[in-house]
Structure formats: structure tokens, C-alpha cells
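Here you get one chain, nothing else, as C-alpha cells; it is the form predicted on its own.
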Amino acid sequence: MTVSARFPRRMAALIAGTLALGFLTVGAHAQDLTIQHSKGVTSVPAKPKKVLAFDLASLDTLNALGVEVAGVPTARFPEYLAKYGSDKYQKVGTLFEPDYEAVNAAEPDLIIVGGRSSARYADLAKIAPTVDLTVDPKDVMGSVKRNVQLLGRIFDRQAEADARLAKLETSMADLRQETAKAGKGLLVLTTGGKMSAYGPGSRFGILHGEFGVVPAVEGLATTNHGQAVTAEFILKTNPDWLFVIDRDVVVGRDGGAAKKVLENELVAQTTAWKKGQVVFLDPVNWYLTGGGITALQASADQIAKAVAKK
């Protein structure tokens, strides 16, 4: 259990007053909330005014719900979150390393971490109430739903959260009907001229588990960096669909590097290449903001559009 030194009385009241909503409960004070997250339980004020968001997926969802934040990390924001790169938003470190002096000086009501910033949870929780909204790769949609609903409740945006989730679930249900009959797929990430494949249970396993694409191969490594593969592996696997994430785009390297890696005589022999069924996924949505409600909706829509053309 994490207790911010700035809110001892509030936490004590919350412990005594925890109610039965399970995931999020209202404490003894009407304006206090007790939140269960991946690192434990933390008390936060309802509708906190000064929020620092280190997790881009959470920032995506907050933006979608119309919640304003005060501070963000220095990062390469996707276009739809580009405003957070402006001086209007205090910069409080990087995605991996907070600027603790800046965080402390900001006197936040709530700090949100997740994914890359998750490892800094304990240090940040000493400064202010902190929650970790890291998405569980073994339960991606369960995690996303909980996170979206949690943020909706904290900021009194339940209706917006429910509407967004309902739209996403409908889109995914429709998508699964199409992908079930579209053939088998393989997802590869390219970076620096190298390739890694990801399958069910991996950080990008939502392609199969939730979007319904039948895996072209089973048993791929589920480590964070996937399984290193070659063009020979792709030819041997021979997917009907090849889904590609170009990481070089995300980190500001040469755009289009993935095409250079894949354009060879071996990959050209695959069914996916011959039928023009190679889908270059939005790398930012998949690599940076994948657990955000906007990014997930866009990913579902992109695959649905690609599959529908066939």
C-alpha cells in the first residue's frame, strides 16, 4: 500500500471507509477515492486538479475524456497529442526518468505512471499520490477497460469513458468477424535493419487475442523484445497477412526503413506480399500509446479497413 506523506489523514480515513466497488471505492470523505492499481492501493482526491502523466497511454485516454493535465514527460508525441509538447505543459522528466525536483516543485494532486515509467513508481509515490496503470500483456483489454473506467471515475467522466469503450468493443466485435475468415497473420517489428516477430501473449498479442487475427505461427517468444527473425523465417511461415511496426519512425530515424528491410526476394514469395496484404501499422499507436483508448480505436479501425479491401 502506498501512502503519500502529503495525505496521511486522507489515507487513514480511506482505509477505514473502503466500500464494495472492488476496483475503485469511495472513502470516508466524499472527495476521497481509494484506487487499486498494478502496484497496490493508493488514495487520491476526486477530480484532482494538478495531474502529472508519465504514461502516454494514460495521457491518450485523459485527452479523449477531456481531462486536462499539468505536466508531462519530454517525449515524441503523436500528432493527436502534439499539444503536450508545448510550453503550456510543464516538462517533468522523460518517459523513463522523472525529474524529481520538477515533480516535487509542481506539488501534484496525482501522478500517473505506466509502462516505461512504472519502475519509478515507488520514488514518485513518496512525493504525491501515484497510480500505476501499466497494461497487462496477458489481459490487454481487461487492463484497458479498467484503466479507462478508473480515469473516468476519478475525473467524473464516466459517461464519456463508457461511450468510448462501447464504441471500441463494437468495432472489435465487427473486426473479429472479418479477421476470422481472412487467413493467418504474422506481426513483425523492424528497427535498425533487424526484425522481431511477436505472437499471442506478447506485448502486441492483442492482434491475435482481441483483434482476432489467426496466428501464422505459434510459440514465438513473449519477451518484451519479441523473437528475432529473418526473411527466411517469414518465407517459411508464409503468412496470408504481414503486419509491420516500423520502430525507426517512432524514434525519429529514417522513415520507411521497414520497407527496405522487407523488400527482398524471400519475403516477396510469401502469400502476404503477393496479394498485397502487408499492413504497415501506425507505429506510434502500437509502440507508444497502445493502451490508450484513442490509439486502440485507431488500430482496430486501421486493420478493419485493410481487411475490408480484400
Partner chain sequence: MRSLLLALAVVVVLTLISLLIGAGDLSLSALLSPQDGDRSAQILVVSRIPRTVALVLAGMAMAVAGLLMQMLTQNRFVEPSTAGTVESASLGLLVVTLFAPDMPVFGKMLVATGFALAGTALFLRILRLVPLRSVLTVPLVGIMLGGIISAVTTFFAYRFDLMQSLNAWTTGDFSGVLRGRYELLWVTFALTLLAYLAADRLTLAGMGRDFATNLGLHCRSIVSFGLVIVSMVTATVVVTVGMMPFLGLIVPNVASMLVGDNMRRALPWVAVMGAGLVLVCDVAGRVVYYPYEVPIGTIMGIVGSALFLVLLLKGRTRLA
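As the structure is a prediction and not an experimental result, all values here were calculated from the model. Numbering follows the first chain given and starts at 1.
One more form of this protein, predicted in complex with the partner chain, exists but is not displayed; see below.
> Do heavy atoms from each of 233, 236 and 247 fall within 4.5 Å of the partner chain in the predicted complex?
Yes, all three are in contact.
> Which of these stretches, 141-149, 175-183, 80-88, 96-104, has heavy atoms within 4.5 Å of the partner chain in the predicted complex?
Among the listed stretches, the partner-contacting one is 96-104.
> Find the only residue in 161, 217, 168, 127 having a heavy atom within 4.5 Å of the partner chain in the predicted complex.
For this set of options, the contacting one is 217.
> Does residue 119 reach the partner chain in the predicted complex, with heavy atoms at most 4.5 Å apart?
Close contact is absent here: in the predicted complex, residue 119 is far from the partner chain, nothing within 4.5 Å, heavy atoms only.
> Within a 4.5 Å heavy atom cut-off, is residue 227 in contact with the partner chain in the predicted complex?
Looking in the predicted complex, residue contacts with the partner chain include residue 227, since a heavy atom lies within 4.5 Å.
> Please determine whether residue 261 contacts the partner chain in the predicted complex, using a 4.5 Å cut-off between heavy atoms.
Yes, residue 261 sits close enough to the partner chain in the predicted complex that at least one of its heavy atoms falls within 4.5 Å.
> Using a 4.5 angstroms cut-off on non-hydrogen atoms, would residue 191 count as touching the partner chain in the predicted complex?
Yes, residue 191 is a contact residue.
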